[in-house]
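Same protein, same chain, two forms; see structure 1 and structure 2 below, as structure tokens.
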Structure 1
Amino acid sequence: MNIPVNLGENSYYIELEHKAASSFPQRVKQLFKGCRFALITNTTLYSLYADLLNRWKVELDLVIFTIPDGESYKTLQTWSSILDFLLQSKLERSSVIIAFGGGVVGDITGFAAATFLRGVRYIQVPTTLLAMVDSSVGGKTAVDHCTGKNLIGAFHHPRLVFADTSFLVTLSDREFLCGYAELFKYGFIGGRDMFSFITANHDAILRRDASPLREGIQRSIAIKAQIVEQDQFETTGDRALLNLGHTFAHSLEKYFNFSEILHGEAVYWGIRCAVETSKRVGLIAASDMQAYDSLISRMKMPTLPEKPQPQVLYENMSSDKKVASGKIKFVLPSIPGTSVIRADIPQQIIISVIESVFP
């Protein structure tokens, strides 16, 4: 199945497949005739998929570079090491870089592609649920900084996203839940029909039932593609809706030094905080309260290393890239399937939300 992202000269397709990895080299050679290829992945994935990647290496005559696994390595130092490798491999501006991995690999490879020789083409091959439904689509590339998440980066759209759902088989339950957090998010911004779909299929997707999982991935990608088409460079405000729960989440990740909690786990907690905030500021109508409470009560919350300090979490939010004119922006649910952006939430309400949500 092909899902288009219509962005004029930056347009591309997300090809949603199953057990199609063996056909990837042929597909790539058709699209990028006569080009040289480099593939970036991490050490864990290279170990898991060594046979497949080595076949790709032969068929595409590509060079492979591995980076350490984990968000804590999403740094300028790792980005620089990728650039060193690309330069040492004598790749040219016509070359194509392949990101094979989850959100960290995709983000940092995309940023390397955006800056290598002033910009080269790249392909996203997401191997996690989180990357398939969110980070591989939309052209946001970045690395983290000690003061916050994704603060150094660029908009650089892939030329192809090749999403093979068979890669999800190797995901641990923890990694799968992380991806589901981003899929779950679309229930709050993708319209009432998506809210109803998530409500009806929440448990089945967590069980990894094939049909609802694939439909959930397809729906999520289509929703994100539509939002990105409306606001390619996050200038009109529409695209900010994709950050539902992320103001809380990024603060939580920073609190735990980008190492003790995974991004999707933080997003899951962030969504719960966003819903609670909406309740306290009156964004959720009384007639919709039961629907929200029923869904939120079924969330399987990830374990945290410790209870975070509310004041520190709030202070972390001030360095979030979504801050504008000194005001912290929150994406908050309202009508089921619809969220709004607010920058007027008093500090005391956010502190009280954090105190009530975290155990």
Structure 2
Amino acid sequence: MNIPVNLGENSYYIELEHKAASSFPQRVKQLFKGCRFALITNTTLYSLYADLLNRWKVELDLVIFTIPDGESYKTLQTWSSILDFLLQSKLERSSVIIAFGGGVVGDITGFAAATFLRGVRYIQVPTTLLAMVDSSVGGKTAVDHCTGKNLIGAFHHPRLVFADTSFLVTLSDREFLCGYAELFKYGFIGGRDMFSFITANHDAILRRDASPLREGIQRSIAIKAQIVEQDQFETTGDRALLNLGHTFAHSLEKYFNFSEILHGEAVYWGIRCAVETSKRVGLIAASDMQAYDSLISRMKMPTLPEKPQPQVLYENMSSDKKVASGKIKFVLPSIPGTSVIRADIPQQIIISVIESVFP
């Protein structure tokens, strides 16, 4: 199935496939005739998929570079090592870079593609659920800086996203839940139909049942594509909806030193806090309360190292880079499938939400 992302001259397709990895070289040769290719992946993925990648290497005559695995390597140093490799391999302006991996490989490869020879084309081959439903779509590329995540980067859209759900077979349950948090999020911003879909398929997707999982990914990509089309360079504010649960999540990640919990786990908790906040400020009508309660009661919350202190979490939110004029912005569910952005939630409400949500 092909999902278009309509961005004028930056338009591209997301090809959602299953067990189609062996046809990738053929597809790529059709789209990028006569080009040279480089593939960037990490050490974990290279050892898991060495046979496949070596077949691609022969068929596409590509060069492969592996970076160390982990967010801590999403740095200018690793980016620089990728550029060294591309230059030493004599890649050209017409060459195409392939990112094979999760969000870390995708973000850093995209940034390398944005900056190599003032910008070359690249392809995303997302291998995590998070990368399929979120990071491979939208053209945000970046590396981290010691003062914060994703602070150095560029908008640079891929020319193709090739998302093959069979790669998810090797993904750990913990990483799967992290990706699911982003998929689950679309249930609150993607319209009533998506809310109903998530409600009906929440348990099945978590069990990785093939059909609902694939449909969930497809729906999520289509929703993200639509939001990106409305706000390609994050200037109109529409993309802010994608931050549902993230105000709480960033604060939690900071609380646990960006190391003890994963981003998706924090997002999953953040969505729970956002729904609770909506209830307390009256954004959810009495007639919709049961629909929300039934969904929330089935969320399988990730374990936290300890109960976070509400006041510290709140202070973390106040110092977040997304705070504008001292006001903390929250994306809050209202009608099922629709969320609103609010910057007027009193501190005592947020504190009481945190008190009640965390065990």
Ligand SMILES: NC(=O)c1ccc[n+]([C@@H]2O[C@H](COP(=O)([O-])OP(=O)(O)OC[C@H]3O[C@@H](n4cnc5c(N)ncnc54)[C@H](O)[C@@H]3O)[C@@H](O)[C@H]2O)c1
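For numbering, take structure 1's sequence and count from 1. Since this is a predicted model, take the numbers as computed values, not measurements. What we label the rigid core is the largest C-alpha set whose atoms superpose within 1.5 Å from one form to the other.
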item: Assignment: the form predicted in complex with the named molecule; value: 2
item: Test item, rigid-part assignment between structures 1 and 2: residue 20 alongside residue 163; value: yes
item: Rigid-part reorientation between structures 1 and 2, C-alpha based, degrees; value: 11
item: Per-residue Cα shift, residue 280, between structures 1 and 2 [Å; core superposed]; value: 4.2
item: C-alpha positional change at residue 292 between structures 1 and 2 - rigid core reference, Å; value: 2.8
